[in-house]
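Next up is one chain by itself, shown in structure tokens, the form predicted alone.
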């Protein structure tokens, strides 16, 4: 009788071994081991990679067991990416947690490949042009770009339903492409078919398709995507054939409720050689501009770039770089690379004096031809008042502020005497000039923000001369 009981028990145990293994793997301590493993992986990879791929995995509690861990991914791109890079690592982490060899399976929940999945894979080559480091989280927002940022962010959360098309314009290096690609990365993470291209690439594809008699494939690619992002639309100027094709592509996508986004260096109305009907389509949704960043935003951008590139700079160096760069924030990474390279090759610690010497080309100081008029016009433009108001007898706070700054910079950068400056600015005599300069020096000493403003204006004036 005793042997019979033992036999029944062992039979029951082996029949239900997979069940107990499942319990051991998934229910122990009421913890989902799949989530635990992904949390361990999160500590070993970059935040960008985790947020872009790993966090979208779902662990199958019911089908997984002691020997098999099944994760579902939202689309084929995520499946392939994780399979190629992290399957072995995830398996190793399971072994650490469960003390057993586990086969990791990354798959789509529906293994039957749909037409949508095929489109995603076929669009991979175009969407791979997206820079994965461009995200909303590392885009520095300030007064100069806040509206554009909010518009693109809104579109990324509600594709095809708000601001369609969205047209972003502004000068070189101000962040248009960063914002566009940040939205593209969000869409791609959601499994949408994203086509990101420049006008030049769009034109090359168009020309090649005509030459090879493959226009049907061209139209299938650009008109069947979920999101179309086109950079530097101003280069469409006077290209009639490609404008015609883009117009029909626009109509097809818009009619299907697909999201369209463009960037350019100027407002659609100011792009010469653009068909009127295409110009009107660009303005159908929302047109938003990005202005050159104000000083505070430039400082924040430099600090963020230092963090990303692991470059350690003191506050005075960061402030100095912010005053040297007038508008093109794309220069920042180049400057940081240059400083780092000089420091490493010459075995010199980075300090302000060394930084100024390295960046003297950026300064382009040429003070010989500076005039009071040049300086006054630059200050007036920056402070949004008229040059004539600076020379007037006006006593409003903003006019007095601009006049004092102009006097100070003129005294610093030109050979004009105090009586000459007094005459130009309509002030009583040289004592008034002396008092103004003393007042500015006190502000520079006591107010770091004011000092930075003076430095920025000074560098802007000398760079433009």
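Numbering follows the first chain given and starts at 1. Note that the structure is a prediction, hence the values are computed from the model and not measured.
There is another form of this protein, the form predicted in complex with a small molecule, and it is not shown here; the text below is about that form.
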Option touching the small molecule, based on a heavy atom within 4.5 Å in the predicted bound form, out of 93, 182, 301, 166:
301
The small molecule isn't shown here, but in the predicted bound form which of 257, 273, 143, 171 has a heavy atom within 4.5 Å of it?
171
Any of the heavy atoms of residue 360 lying within 4.5 Å of the small molecule in the predicted bound form?
no
Though only this chain appears here, would residue 97 touch the small molecule in the predicted bound form if you measure heavy atom gaps against 4.5 Å?
no
I'd like to know whether residue 192 contacts the small molecule in the predicted bound form, with contact meaning heavy atoms within 4.5 angstroms.
no
Interface membership of residue 221, the small molecule in the predicted bound form, 4.5 Å heavy atom rule
no
Tell me whether 314, 398 and 439, taken together, all sit within 4.5 Å of the small molecule in the predicted bound form, counting heavy atoms only.
no
For the chain seen here without its partner, which of 130-138, 205-213, 71-79, 276-284 has a heavy atom within 4.5 Å of the small molecule in the predicted bound form?
130-138
Residue 201 and residue 81: do their C-alpha atoms lie closer or farther in the predicted bound form than in the form you see, with a change of 3 Å or more?
closer
